[in-house]
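Only one chain comes next, encoded as C-alpha cells, the form predicted on its own.
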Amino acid sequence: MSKTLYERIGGEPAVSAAVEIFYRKVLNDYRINRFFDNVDMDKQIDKQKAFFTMAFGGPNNYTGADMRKAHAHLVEIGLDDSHFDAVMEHLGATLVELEVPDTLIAEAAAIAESARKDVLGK
C-alpha cells in the first residue's frame, strides 16, 4: 500500500511546522490578515493542523465546521478568489521553505485548491 501524502510529507512534525510558518506568513500579509483580526490564533492553528492532517490522509481528528459554514461570515465581509490565491501562495511558499519536494507541494496544493468553492461559498 502506498503512503499517504501526510506520511510522505513527514507526518505530525512536518504539518505542525508548516502550519506555524504558514500563519506567520498569513498574519504578515496586508491582503488577508484582516480576516484574522478577532480569531484566537492558538485555536485556529490547532484546527488547521487537524484539518491538514485529515486532508493529507493522516488521522482524522478534525472537528471543525465544514468549509462553507466556517468561512461564510468571511465571504460576507469580502473574502474572494484574490484572498484564496494569497493563502495558496503562502501555503506553497511554506512548503518550499520546508524543502518539501515539488511533487508533494503540487499534491498539497491540489488538495487545498479543491476547497476553493466551499471556502468561497460558490
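Counting begins at 1, following the sequence as shown. Between two forms, the rigid core is defined as the largest C-alpha subset superposing within 1.5 Å. Since the model is a prediction, treat every value here as computed from it, not as a measurement.
We do not show the form predicted together with protoporphyrin IX containing FE, though everything after this point is about it.
J.: May I ask whether 6, 18 and 61 all come within 4.5 angstroms of protoporphyrin IX containing FE in the predicted bound form, judged by heavy atoms?
T.: Zero of three within 4.5 Å in the predicted bound form.
J.: Give a yes/no on whether residue 54 approaches protoporphyrin IX containing FE to within 4.5 Å in the predicted bound form, heavy atoms considered.
T.: It does: once protoporphyrin IX containing FE is placed as it appears in the predicted bound form, residue 54 has a heavy atom within 4.5 Å of it.
J.: Answer with yes or no whether residue 32 is in contact with protoporphyrin IX containing FE in the predicted bound form, where contact means some heavy atom within 4.5 Å.
T.: Output for residue 32 is yes: heavy atoms within 4.5 Å of protoporphyrin IX containing FE.
J.: So in the predicted bound form, does any heavy atom of residue 112 sit within 4.5 Å of protoporphyrin IX containing FE?
T.: Result yes; residue 112 sits at the interface with protoporphyrin IX containing FE in the predicted bound form.
J.: Find out whether any non-hydrogen atom of residue 68 is located within 4.5 angstroms of protoporphyrin IX containing FE in the predicted bound form, and reply yes or no.
T.: No.
J.: If we check protoporphyrin IX containing FE in the predicted bound form, which of the residues in 57-92 reach within 4.5 angstroms of it by a non-hydrogen atom?
T.: The stretch 57-92, when checked against protoporphyrin IX containing FE in the predicted bound form, contributes 62, 67, 70, 71, 73, 74, 79, 83, 84, 87, 88 at the 4.5 Å heavy-atom cut-off.
J.: If the two forms are fitted on the core, does residue 28 show a Cα displacement reaching 2 angstroms between the shown form and the other one?
T.: Moves: no, less than 2 Å.
J.: Quick one: in the predicted bound form, is the Cα gap between residue 84 and residue 54 smaller or bigger than here? Answer closer or farther; it shifts by 3 Å or more.
T.: Result: closer.
J.: Would you mind telling me if residue 57 and residue 81 are closer or farther apart in the predicted bound form than in the shown form, C-alpha to C-alpha, with a 3 Å or larger change?
T.: Relative to this form, closer in the predicted bound form.
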